[in-house]
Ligand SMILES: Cc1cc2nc3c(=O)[nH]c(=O)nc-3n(C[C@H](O)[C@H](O)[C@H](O)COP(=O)(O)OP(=O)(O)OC[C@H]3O[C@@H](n4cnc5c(N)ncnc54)[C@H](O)[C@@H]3O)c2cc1C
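The chain below stands alone and is given as structure tokens, in the form predicted on its own.
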């Protein structure tokens, strides 16, 4: 069957784009996934929505993150109505702790420039910090509180998006690795795996860390995306100990509604190796115990990895391949795939369905890669 839209990749980005296109009237949408839908980087994430706690400057990327974060209350409500699944958007805010004078100096500098830039940030004393989170370490010196930085249960988000596809007839072909984008007479006609060809009027690459492994016609993919491994561990106390996401300069903990506590995350250039290492686990446990020594009373209940898609400067790649007309890219969200999914989906869908060109498509355009510019001259 010839689809209107072929989406390669069934992570949070691909699934969100499929939903947005369906809401704009597209009905023949097919998604192809190399493994099991929603089980790669999106599943491994911690679900933090932290545009303020994680930024060092106010730039285009910050505005992209902040705007997407602002979509989450409406996005969560819509998904609950559409699928009956609560994605557990938690708006309790985020703490960033200092445990030394060096840490505190960095936090004060951040507080000063963010306050001057008009961001919502509070500087808390040690006593005020412990008043909010009494189970953290009494060694805390001070903290910053970011009321507009939240979290979502990313695995329930994926479950909701997958249910949306099931309820609305969006087909997902799992365990099918796309090897090549089909290029015939200067036009993209779809994609093919080792055993099948998928024809489509329009193709979208939402392939995360695997983007550069796909050939474009007979040529190498002109977009460079590499995997960056992130290891994580989890604890599961019998009761909920913490109310909000808590950072230190060396790690973070994310409390879930069911009592689980996620701890992350390593940043490792290890290729496609998804191993969990004793060294990585040890460093994560050390970071968790610095924040909350009481976690030392609990065994590590889970450990896992994800491969984040990283491109030049850590910025996403969004938009169409010039002159192709029907090949779009939405990848390289690196550590912010969950955060950026709602806005990424909206601007890609608006470009396809209505011809609207967001400023973000101009800023994060794939043409910033030299190989894409050379390829466009052949189309």
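Remember, it's a predicted structure, so these values are computed and weren't measured experimentally. Numbering follows the first chain given and starts at 1.
A second form of this protein, the form predicted together with the named molecule, is not displayed here; the remarks below concern that form.
- Here the chain stands by itself, but in the predicted bound form one stretch of 88-96, 74-82, 105-113, 207-215, 207-215, has heavy atoms within 4.5 Å of the named molecule.
- Contact check for residue 41: a non-hydrogen atom falls within 4.5 Å of the named molecule in the predicted bound form.
- The named molecule is not shown here, and in the predicted bound form it never comes within 4.5 Å of any heavy atom of residue 18.
- Using a 4.5 Å cutoff between non-hydrogen atoms, residue 47 counts as a contact of the named molecule in the predicted bound form.
- Contact check for residue 307: a heavy atom falls within 4.5 Å of the named molecule in the predicted bound form.
- Taking a 4.5 Å heavy atom cutoff to the named molecule in the predicted bound form, the contact residue among 232, 287, 136, 183 is 232.
- Along 22-40, a non-hydrogen atom within 4.5 Å of the named molecule in the predicted bound form is carried by 32, 33, 34, 35, 40, in order along the sequence.
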